[in-house]
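There is one chain below, alone, in structure tokens, taken in the form predicted on its own.
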């Protein structure tokens, strides 16, 4: 009888586009989420936690990556609900929640939500298929005062998490203005309109001349490849270029330039009026152009925005993987989406909101050295006699009950050196030692591991004597001595 072939062992690796997060990273994210939630809560928003899985019909098709399987989402067929998918953002689920529970919710409904989202996109450096978002939305408020409030809250949030004024800018535009420009151009073909929108979105990268070429016949990119253009005439392209270059020295100048760019378009004029109202409200709240400004170059990628759109950009420079200076870029975006709930109810429901990319914001703070480094580990109570485990558990319980993070070493206690190596790997600040002799005398040894490491690097014999890194105290002084050492390194 042939011997049964064993199945190969699974490969221990994360799928492409995903990653694992360890101690400090998880702690920093949790702290940031708590901080952001505090700002949202202060503004009167309530928490909501919705399902990570939605029906494909409820999610809709709004992602631009239509060439990926399932048009950019992770989807599968369910016996009861047909095709379902992991949520790709937190806004589409909100539309479903509001439509489902609208009779029980206040109007306007102000909610915030935080959690992972998934996109079946092509992964790349710093681009993952699972990432955290942190959203706040107002549903049922038609006034652009709701949009202005979201922008103000976004500004406050960035400052609260550690991005000072001068290092960020919230930029505001309006899709109605853009629609007015398209109307002035006389474009009726939807595919051509989408091509124009994609070209406008490249303005920051290729500039006015690049956009002019891409709206026309095309251009050579930096690699030498030729990119086909939209095929517009110079006259057709003129309103787009006027729109993109309409930013003036202040909001009033920008608005005047936008009115010229939209010509006689009624929808465009409505959009400019809304931007003017937003600028007035923000100015009244003390949010000047150094924090929030009107910027016609902002074009959000998702297809459901209907009015004001906004984006938060970090303006400081960082070094890329090749050591070149570049601006960090966008960490947040949002806008008004008055037709999203209508998909479920048949009735238009005004809504506006913002989403913060938590992982990008954390990366920005690390790049500036405002978070990061190594988190302090727990106090380690070493085990000198495995038969006295109850004594060690009593010590660690006493430390924990006094608010000190601590653990008993639970590996093989035979080699004491390995216990100290473990404490070093955990970045532990203190080790507690009680052998048989210490137990008999009613004392414990407290080893300051941080000071010990510093002295080991550079200290002379005299310094060792002057600054001992290990102390003997009575058992009842355990907590006090540990707390004293920890306070030196806080």
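Superpose the two forms; the largest set of C-alphas matching within 1.5 Å is the rigid core. Note that the coordinates shown come from a computational prediction; the quantities given were computed from them, not determined experimentally. Residue numbers count along the first chain shown, from 1.
Absent from the display: the form predicted together with another copy of the chain. The rest refers to it.
Spot the stretch among 209-217, 364-372, 77-85, 175-183 with residues whose non-hydrogen atoms come within 4.5 Å of another copy of the chain in the predicted complex. Of the options, only 77-85 has residues within 4.5 Å of the partner.
Looking in the predicted complex, any heavy atom of residue 433 within 4.5 Å of another copy of the chain? No - in the predicted complex, heavy atoms of residue 433 and another copy of the chain never come within 4.5 Å of each other.
So, in the predicted complex, is residue 189 in contact with another copy of the chain at a 4.5 angstroms heavy atom limit? Residue-level check for residue 189: no, no contact with another copy of the chain.
Does at least one non-hydrogen atom of residue 443 fall within 4.5 angstroms of another copy of the chain in the predicted complex? No, residue 443 sits far enough from another copy of the chain in the predicted complex that none of its heavy atoms falls within 4.5 Å.
Closest heavy atom of residue 58 to another copy of the chain in the predicted complex, within 4.5 Å or not? Residue 58: yes, in contact with another copy of the chain in the predicted complex.
What is the one choice in 231, 411, 164, 126 with a heavy atom within 4.5 Å of another copy of the chain in the predicted complex? By the 4.5 Å criterion, the partner-contacting residue is 411.
Report the residue, out of 251, 170, 275, 97, that has at least one non-hydrogen atom within 4.5 angstroms of another copy of the chain in the predicted complex. Checked against the cut-off, the match is 97.
Could you tell me if all three of 10, 26 and 106 have a heavy atom no more than 4.5 Å from another copy of the chain in the predicted complex? All of them do, each having a heavy atom within 4.5 Å of the partner.
Taking another copy of the chain in the predicted complex, which residues of 39-56 have any heavy atom within 4.5 Å of it? 41, 42, 43, 44, 45, 46, 47, 48, 49, 50, 51, 52, 53, 54, 55 sit within 4.5 Å of the partner.
Is it true that residue 82 shifts between this form and the one not shown by 2 Å or more at the Cα, once the core is aligned? Indeed, residue 82 is displaced by 2 Å or more.
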